[in-house]
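Encoded as structure tokens, the following chain is the form predicted on its own, with no partner shown.
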């Protein structure tokens, strides 16, 4: 067998067995041909089976197989390429195309472009990166757009603000942080009249007028300490008066709070100030004379008193009115009275100091506060100056008038430091000056205060006296000097106080007139007089009774109906009643007085003008008054025969009365010489102490006995 077995094969088999491999392959030569062998072990049989075959036949099969595999490979390659192309088209190219399109669209400004969905591969990562990048870019673009929009809004707002400032009706000045002016709007230029160059680089406070120099330092302190200031002030203007403005200076701060500039706005309030001035003029100054009014005067008085309380300050208060102003006002008219007040005010303003307060308190009442007056001598000099100033003639139309003033003076702080008390003192002093004869002055004293207290006491007691019937009517006879017979009486009121005794009429009548109690008192006297005449008639004595009417009684609208009722109820003969009125009472409202007189005359009453010659009535008015009797005032009779002037005046009055067919009665007859003078001038009815004082009704029998009680004869 060895001869048949190829030695190479034998060697291969031996190696296969030796290596004990389950499968072993190799090659060998046989018959000069290469042989391929494959040996495989079968473990169950512990056999080795080997198969060999010519290499050439084996390789040709492999070659065939190679071609087959190559063809299949080409087919598979084409198939794979097609599959790859589809896969790339679907998974890569389409996504890349979408990504490129999205990026391109985004690049063209289409910020709402949608990117492909993200995968976890590289393209997905790239897509995600591009998407994130577009989101960031979109945010940046949105932020940029917002900033651009905000900038445009800010620019529009700044433009509007700039135009608002430029066209504002308020003057605007902008400065740097050091108050140096950098901008002035047109309104400021228009208000002041200055060019822009006047303001550029100038200090802000230069705009404040020199009249307000005292305020500049305060403004500067406030600006540097609090960084703002607001208030009313004057600013300079070119060629015009300084302008009142409401000035406001405020800081402009950065976001950090640092002040970079200041803005000052000036609102023209000239009209407001002028309106305020006019309102103050109306509130504090008299519209007729331009002097301070009562309100302003009281304010100044309070200030002066406050200064006086601190010491080292004294002042004098003058309180006065014009003597006989009412007469001038009534005779020449209210327009003339107003012109008189204006001229008096102008004279006072010219003669007194500018620091003194001159006030018109109402009507013809004036007051003056004189600062720095410490002595009565100094105040006396000023009072004399005022009286000399007022005594100069004043032309009112075609009429020349001369006026005077009764001045009351009080000194502060010596007399008082209380406002009302000081005014009261000055008022008391003024009335005392009037009592002394007018056209004079009087200083306040404690005695005046006592008189004022007495006046208050009388005023209070008057009301009680009316209720308790403390009044009595006395009668002074009117005698016919030819027959020594009583022809009439004058009813005179007397007050017997339970503790003070007899209070003179000159003390309580003015107070009753001032308080209005005179009307009630007058009605009581009228009623008593009517009853008295009735009693005289019952005694077969046909005497008349003269009753004095006060000014307030005469002007009372109830006088005529009240008197008419008294005449009817008492049964008195109206012709026995004579009502006595003074000239001044009739010269107020002449037409109204004439109407009232005619109404009284219609009752049958006689009218008598009392104190004739002491008033200022015009004869042209006298002839219009329905008057029956003239009573010559005692001031003309008392100095007869010593005063020749009084004698001439009395004789003239008597002659005039006779020419006018008026009866004449002379008052104040106290001597036989006066009786004889009056008889020689045809005045026979006299009244005075020569025959009798005023007496109560109970003393009339003694009067008749004294006169000789001759048979009654009616004379008037």
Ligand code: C2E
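Positions refer to the first chain, counted from 1. In this text the structure is predicted, and so the values were computed from the model without any measurement.
There is another form of this protein, the form predicted together with the named molecule, and it is not shown here; the text below is about that form.
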Practice item. Sort through 493, 165, 574, 358 and report the residue having a heavy atom within 4.5 Å of the named molecule in the predicted bound form. Key: 493
Point to revise | Selected contact from 483, 527, 548, 440, since only one has a non-hydrogen atom within 4.5 angstroms of the named molecule in the predicted bound form | key: 548
Check your understanding: Does the 4.5 Å heavy atom contact test between residue 580 and the named molecule in the predicted bound form come out positive?
Key -> yes
Exercise for review: Considering only heavy atoms, tell me if residue 667 and the named molecule come within 4.5 Å of each other in the predicted bound form.
Suggested key: yes
Exercise for review: Find out whether any non-hydrogen atom of residue 327 is located within 4.5 angstroms of the named molecule in the predicted bound form, and reply yes or no.
Suggested key: no
Practice item. Flag residue 611 as yes or no: does it have a non-hydrogen atom within 4.5 angstroms of any non-hydrogen atom of the named molecule in the predicted bound form? Key: yes
Practice item. Pick the stretch from 143-151, 421-429, 501-509, 229-237 whose residues have a heavy atom within 4.5 Å of the named molecule in the predicted bound form. Key: 501-509
